[in-house]
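Next up: the same protein chain in two forms, each one alone, written as structure tokens (structure 1, then structure 2).
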Structure 1
């Protein structure tokens, strides 16, 4: 594989992006009607916030190995106080253990938080539970895990109501004053948190370890919705775009998918998210070295099973030193001691090609969602985006903006991509407030 061939293989031209938009919109419509679709289009029971929500709430924000417990005061009038936050880390024991081990650890962490902040057992509080996996919601505070993603594998959770599992763990740990009043996806939390302050925000996106998006949809458009009408006539739909599969894959993508925990699933996620981007780059590098386009020594650590992390791509692509010195240092630490500046430049190119495709796929899907909401792009839209890839990768956001410009020309400025850091916890608190009637 030469750089020239690689560029061609990973290139997403304007017509290719337009094809993604078309297919994505088709799959959105099918998913809303309960027809066969790679997009689950899950009704979340959540409406957009009014900004008047008030009170003190707890949020539990879990979507990766690091999770957070927060206490947040909503002041109404679109404002909230500074949250109090504690971070915890799940280990292999919990991720690969049983439902009981998993939820006991979470309940114990909530208990640690309540003790640390001296929240007494007499104080009754509502909790918003952000659980960022594909959940079939059965109510605002109930939902069944369809399948794990992002390498999670605890047994006894898939097919069960995660709120019930958390409630049982709270009971085992003697937590009696916390009422779980909302179950929320991180994209929904991100959208709600941002639109609490900015009513022009109508799409929530995560591009981090995993990737996904949500938006508010009119109830009559949600053909499969059998529930009652609501106040606003709209409901936020969790698209679960990570599973979108109408994309042109390369042999690298197919290899990565075949060797993954969940072959055939989360195809877009495997081309876009932080959990996989580094691995794709690793596969490309191995291939190039095997064909003599890079020194074999360069890939020794990869051959020995080390993972080429997505963070490396951020460092390499952000390296603007002459001779790529930061890259040399990174590679030396990784076990690739003797690299030439020319090899490092090839490496930087490879990273750029892989991450650029990811950014252009993400932008195309955002374009599809915005066009579903506003087919003529007649008003401005703020897209609230969180996640390590969007936040930390040096060219990802700019590549997304460029892709939108390629698609829409001047009108692209009507779509504003805004970093919405740590919104998912705050959003869960706002949703818990709505559910508890604190509006």
Structure 2
């Protein structure tokens, strides 16, 4: 595999991006109508904020072993105060224990937060609960855990309503002034957090270890929705775009998918997210070495089973030193002690080719969502994006903007990509306000 062949293989032309847009919109329509689709298009029961919401709200942001409890004061007129935050860590005892042990620890952490910030038991507050695991949402404040992910295995949680389990833990810990008014997906939280301050924000995206997107949809367009009407006539749809599968794959993508824990699933995620980009790059490097286009010694750690991490790609692509000295240091720590400047330049090109395709796929799917909302791209749209890949990779955001320019020409300026760092917790608090009718 030469660099020239690799560039051709991973190239995503304007027509190829337009094909992604067409297929993505078809899958969106099918998912909204409850027809066979790689996009789940899940109704979240969540409405967009008006920006007029006021009051003090609590959020619990649980997406992994580290979680946060925060308090946010909304001031109306699209303004909010700085959140007060405490971070906590779940240990093996909680992660692998019982539902009672798990949720008692969560409740005790909330109690610690309330005590530290002297929040009186007489002060009733609404809480938004971000729970970033596969949930079957059954209401604005109810949802059943389908299955644990990320190494979690607490018994007695799968198949049960996580809000009810948390309420029971609150009762055991004597917390009686907190009402859990909303169960939230982290992508939805990102959208809501940004849209509270920017009314033009109508798409939320995560591009980090995993990837997903959401947007507000008109209720009549959600053909599968059997629930009641709401005040705004719109509801945020959790697309679950990581499973989109109408993409042209390479032999490297197919090998990665075959060896994964979930073959045939999460195809877009395996081409875009931080969990997989480094692995794709590692497969390319092995192939190049096998064909004599890189020294075999260079990829020896990969042969021995070490993983080429996605964060390495960020360091390598951001290296502007003479002879790529930062890359040399990184590779030495990885076990590639003797590398030439020429080899390092090849490695940088490989990383760039893989990450550029990921950025152009992401931009194409965002374009599809925006065109679903606004087919003529007649107004401005802000896209709230959180996640380590978008935030920390040195060329990812720029490549996404270049892809949008390739697609829309001068109109690309109507799509603004905005970093919405740590939006899930703040968004959960705002959703609690919306659910509580604090408008």
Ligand code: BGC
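Residue numbers count along the first chain shown, from 1. What you are looking at is a predicted structure, and each value in this text was computed from that prediction instead of being measured. Rigid core here is just the name for the largest C-alpha set that superposes within 1.5 Å across the two forms.
The second of the two structures is the form predicted alone.
For residue 270, a C-alpha deviation below 2 angstroms is recorded between structure 1 and structure 2 after rigid-core alignment. Relative to the superposed core, residue 97 shifts its CA atom by 2 Å or more between structure 1 and structure 2. The chain behaves as two rigid parts between structure 1 and structure 2, and the smaller of them turns through 15 degrees against the larger. Summarising the core-aligned comparison between structure 1 and structure 2, the C-alpha atom of residue 57 is found to shift 3.3 Å. Taking the core as the fixed frame between structure 1 and structure 2, we note the C-alpha of residue 152 moving 6.4 angstrom.
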